[in-house]
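Just the one chain here, laid out as structure tokens, in the form predicted on its own.
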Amino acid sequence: MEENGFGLRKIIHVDMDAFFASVEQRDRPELRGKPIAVGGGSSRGVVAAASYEARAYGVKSAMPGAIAARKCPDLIFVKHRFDAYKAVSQQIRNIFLEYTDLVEPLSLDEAYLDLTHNKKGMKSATLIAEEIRQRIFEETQLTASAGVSVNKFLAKVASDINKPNGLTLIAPKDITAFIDALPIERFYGIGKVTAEKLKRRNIHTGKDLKELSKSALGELFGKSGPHFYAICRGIDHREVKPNRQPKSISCEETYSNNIRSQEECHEAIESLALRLKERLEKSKSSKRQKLEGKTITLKIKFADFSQQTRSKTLALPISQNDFASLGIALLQQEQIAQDIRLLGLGISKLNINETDESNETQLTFEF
């Protein structure tokens, strides 16, 4: 079932380049070549996406709009159009489905594809990835980057190497050398804070990470320790699940200026409720019933970085129209004694039935 110690599958990860911003530049020629940010235009707004011209100035998604404007004085803020992004995303999804039914969307702009047994009968996953990228450009006038390898972890890391508009293959024979040299911050799932923590322990690359025992990784990553023990050895048995659905959906915002007044808090929660509705819609597949949940949770991070979560579970699915009022009720459970730097709102106990199926086959590989 294994070749060179690695699972015998052909996985690609396709990631659209600066998706929201690229759609806006495509549809509005006057924005092409200019630094733009989708969202973030209000005093407390947050950037949802930035064009590559804006990224050159350090503008990033999830950055407060005020900070983005300081980094790039010529930045153009554009209001988001989720209907347009969803329509393009469906175009791209339809292209994927011409090659395989094993498509696992991660968001509107990225997905895993298992091409081990593809509909075209093509032996080379690399050639399929290149053909898909070309099809996407011809049909949407947008570029995509792709990573090709034997599992999800490697494919996702690969897709980020030659962005934008790039294609990277990590073949079985190259996996060990690639991971050994991979900077620790490039491991998917290791954030900036954890990367700095590892570097203080003189762990800078995958090779360094591999030298840690399972117990040491457990101390560093908790329940995720076994996962990192495996992936630094190139092992990732997760399947591409076309019906993969989140167990919960949430959104949060860190405020450039801490908030405390009742009015500010209520406005913030109402804004989060709208974003939560949008995320529920984005997560709903065309073949599945309306996505609903029974538990709503409010996350509060205070000025001193302490954190609270408050939840309420109802007997019936929660109406989207009640997200804001329930969030506000959770906020008011106890008196807020200090300023708030972050609020988050989430919905869980979703109406999802997901089954785990495994279908492994002995294969020979041509990448």
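For clarity, every value in this text was computed on a predicted model and none was experimentally measured. The first residue of the shown sequence is 1; numbering continues from there.
The same protein also has a form predicted together with a small molecule, omitted here; what follows describes it.
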| property | result |
| --- | --- |
| Partner-facing stretch of 321-329, 336-344, 306-314, 46-54, counted where any non-hydrogen atom is within 4.5 angstroms of the small molecule in the predicted complex | 46-54 |
| Interface membership of Ala62, the small molecule in the predicted complex, 4.5 Å heavy atom rule | yes |
| Asp109 within 4.5 Å of the small molecule in the predicted complex, heavy atoms | yes |
| The small molecule contact in the predicted complex: Lys282, any heavy atom under 4.5 Å | no |
| Contact flag, Met16 vs the small molecule in the predicted complex, heavy atom cut 4.5 Å | yes |
| Single option in Arg81, Lys163, Arg233, Lys123 placed near the small molecule in the predicted complex, where near means a heavy atom within 4.5 Å | Lys163 |
